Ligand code: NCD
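Here we start with a single chain on its own, the form predicted on its own, put down as structure tokens.
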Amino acid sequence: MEFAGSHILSVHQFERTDVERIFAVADRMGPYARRRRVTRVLDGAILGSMFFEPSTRTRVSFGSAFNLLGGEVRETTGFENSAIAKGESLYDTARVLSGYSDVIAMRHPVAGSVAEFAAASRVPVINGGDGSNEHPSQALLDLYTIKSELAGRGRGIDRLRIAMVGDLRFGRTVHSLSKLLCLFERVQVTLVSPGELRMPGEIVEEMRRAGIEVIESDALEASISHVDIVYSTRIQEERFGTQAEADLYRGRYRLNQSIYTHHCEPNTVIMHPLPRDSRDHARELDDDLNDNPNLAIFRQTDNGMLVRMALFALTLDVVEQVDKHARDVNWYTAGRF
């Protein structure tokens, strides 16, 4: 794809070469994300950060990534703080706010809404999650993490064995990751969930058409015994009709150190898009995994900075200028990933 000036709305936009391009640029962002160097390549540029659904990591990550490239961030959070609460349409909001920004990162609770907004925007829009539909930048950082974790073992993404566990019906992160894996060869995906929370059938069929071996199961222990990655997800309670309905499934697939030791291969990587639910009746990833060196959840969040910096550099066409506007930092920096 042509990145300069383009919206990033769905992983369906990408060919394998596009993903490899994003990852190559993400690799180059390391010194800046680790605060060893500072670049001002986006000095004067403005990111419109529009998050109409609760977010911590994604919102702050997008903003920090833009700041690290030298740009400034203007935020809108929640419907109650926007003109949409007064009845303004997405079209009008897009026409106005794209006049104030050079690029927009947006999250919205309704599937398809970010694409609707982007159709009226005058600047590139990056989808930060639209309902239970997609979360393309999360899928990219997840795949970048998988690539990085397996690289130390002399492995690539081809021939990956991954178990996706939990709420696969409403989890947009696994929807996008599943679609992105269709670009790779001889991948095996095991889908572990209650019957009511299974991966949507159209996504399963898309994976199978792409040659992915898909196994569906409701049994955790047997499904994680021979995989490279266990990708756990929380129950998406905001997508359920009631809290009580969500509670029927919460805590059903809990991974702790004992289960990991007895059922996983020694180097199985544990991933999670976060937030993980730490309430006693949930805990899809128990705290006793925190010292497990194969717990990659915080490496995922670090990688999110690299990938989102890469997306900004590509959409604003400054990849080859980043180093020209760089200098060493002049403050103390702790060791970073």
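Position 1 is the first residue in the sequence shown; the rest follow in order. Please read these numbers as outputs of a predicted model, since none were measured by experiment.
In what follows, reference is made to the form predicted in complex with this ligand, a form of this protein that is not presented.
Trainee: Can you pick the stretch from 211-219, 198-206, 117-125, 165-173 whose heavy atoms fall within 4.5 Å of this ligand in the predicted complex?
Mentor: In short, 165-173.
Trainee: Does the 4.5 Å heavy atom contact test between residue 274 and this ligand in the predicted complex come out positive?
Mentor: It does: once this ligand is placed as it appears in the predicted complex, residue 274 has a heavy atom within 4.5 Å of it.
Trainee: At the 4.5 Å heavy atom threshold, is residue 236 in contact with this ligand in the predicted complex?
Mentor: The answer is yes: residue 236 has a heavy atom within 4.5 Å of this ligand.
Trainee: Report whether the minimum heavy atom distance between residue 107 and this ligand in the predicted complex is within 4.5 Å.
Mentor: Heavy-atom contact with this ligand at 4.5 Å: present for residue 107.
Trainee: Taking the shortest heavy atom distance, is residue 35 within 4.5 Å of this ligand in the predicted complex?
Mentor: Close contact is absent here: in the predicted complex, residue 35 is far from this ligand, nothing within 4.5 Å, heavy atoms only.
Trainee: Report the residue, out of 101, 223, 193, 138, that has at least one non-hydrogen atom within 4.5 angstroms of this ligand in the predicted complex.
Mentor: Answer to the contact question: 138.
Trainee: Exactly one residue in 58, 39, 303, 49 has a non-hydrogen atom within 4.5 Å of this ligand in the predicted complex; which is it?
Mentor: None of the other options qualify; the answer is 58.
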